[in-house]
Structure formats: C-alpha cells, structure tokens
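The chain below stands alone, shown as structure tokens; this is the form predicted alone.
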C-alpha cells in the first residue's frame, strides 16, 4: 500500500541549528500516527516542514505520491493537509462562528458547504454551538482547543496534524478532546498527533514514532511502544 504521506531523509534547519536529521516517516490513509518526544526534540518542526512553514534543506516529502517540497503553504492546505498548531492560535477578537468561517476560507465561494461545515463542527462540539456568537478569546482553554480543531476541520482535511491538543487542559477535558480525535478519525480523516500525554496518544494511535534531538530513534505499533521499557521510562512517567 502506497503511503498517503512519506518523508524521506528530510533535513530542516533553524539558521545554523540542524533541527531535523534525515527524518523518515510514513502515514497511511485512515491511520492515527503519534509523534512522541521531549520538548525541543523536533516534533513541531516536523509538522511545520510538512505544512510548508519551513522548507527542508534536503530530502523529499511526498503527498499522494507527489512532491510538495517548496509548494506554497496555501497549495498544501488546498491539497488536504491541515496543521492545527501548538497553542491553538485562534482569533481571540472574533466570534466562534467567525473563526470557523475563516477555517473554511478555501471553500468561501460555496456558502452552503461552509454553513454545513459549521453545523458539523457544532455536532462534534455541542459546547461551541452554545457559544457561537461569543468572542473566542473569552472561552476556556478547552473550548479554545475545540475551536482550533473545528477551524482545521472546516478546510476538509485528508490529513489533520494536531500539535499538543491537550496542553494545559484539565484531565476531564483531555479525555473529551481525545474522544473527539478518535471520532474524527472514524469519520475518515487521517491524523498525525503530537502529544506530550504519551499514554493518551498511544491509546489512540495505530503506530508511533519517537524523535530525539531531530532523529527518529524508534518506530513501531502503538501496542509495542506502550510495552517498551524505554518508552515507559522516558515518556509514560513510570
């Protein structure tokens, strides 16, 4: 089976800092893949490189068998790769609905599709429907994360990349976010998940990659990684 997304020997830099070192990573259609690692390991850089925010120095990134290295960010978005960044990055001065409308910018000429997309988001996150006209900046942290995920879904992603969706949230809200991520996947969206809560990530994921100092040091099924002593000691808090 040809992977939906394939990174081969990708090297990315921040100035002179070698942030990603010959990264190899594959994601198949329909999977949830977890990318695990400590702070500064290169997780967010990997997502930024895929989404075109950082251009790799070398290596290839293939999406549906075609290279996207050097493609404009908006073209990568239009192709179906959506990046929900760390820290939510919602538009705090706009309402919940206005945030979602901006997420559907690619489909702005199809007002019916945008309206239906908003309704789908409200079905997924009923709490947002109650706050549709509320300024996003006045929402709780969990609600803001729901807006960020919903805004990403408005672009009709084939691959949804989530960077630390549970960061700073109460445990009960983390459970809700993880349940929604599973539901999004069940509805047909492939997911690449960065998550400091490694236990939660590996309960959701089909497979996982472990990255350390810009290097992929381990890759296996989620089940195997959950039982690996190195992973348990380093990332699962045991």
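Positions refer to the first chain, counted from 1. The model shown is predicted, which means the values in this text are computed figures rather than measured ones.
There is also a form predicted together with a small molecule; it is not shown, and the following applies to it.
Of the heavy atoms in residue 86, some are within 4.5 Å of the small molecule in the predicted complex. In the predicted complex, the small molecule sits within 4.5 Å of a heavy atom belonging to residue 17. In the predicted complex, the small molecule lies farther than 4.5 Å from every heavy atom of residue 190. The small molecule in the predicted complex is approached by residue 196, whose closest heavy atom lies within 4.5 angstroms of it.
The stretch from 64 to 72, 200 to 208, 33 to 41, 169 to 177 that comes within 4.5 Å of the small molecule in the predicted complex, counting heavy atoms only, is 33 to 41.
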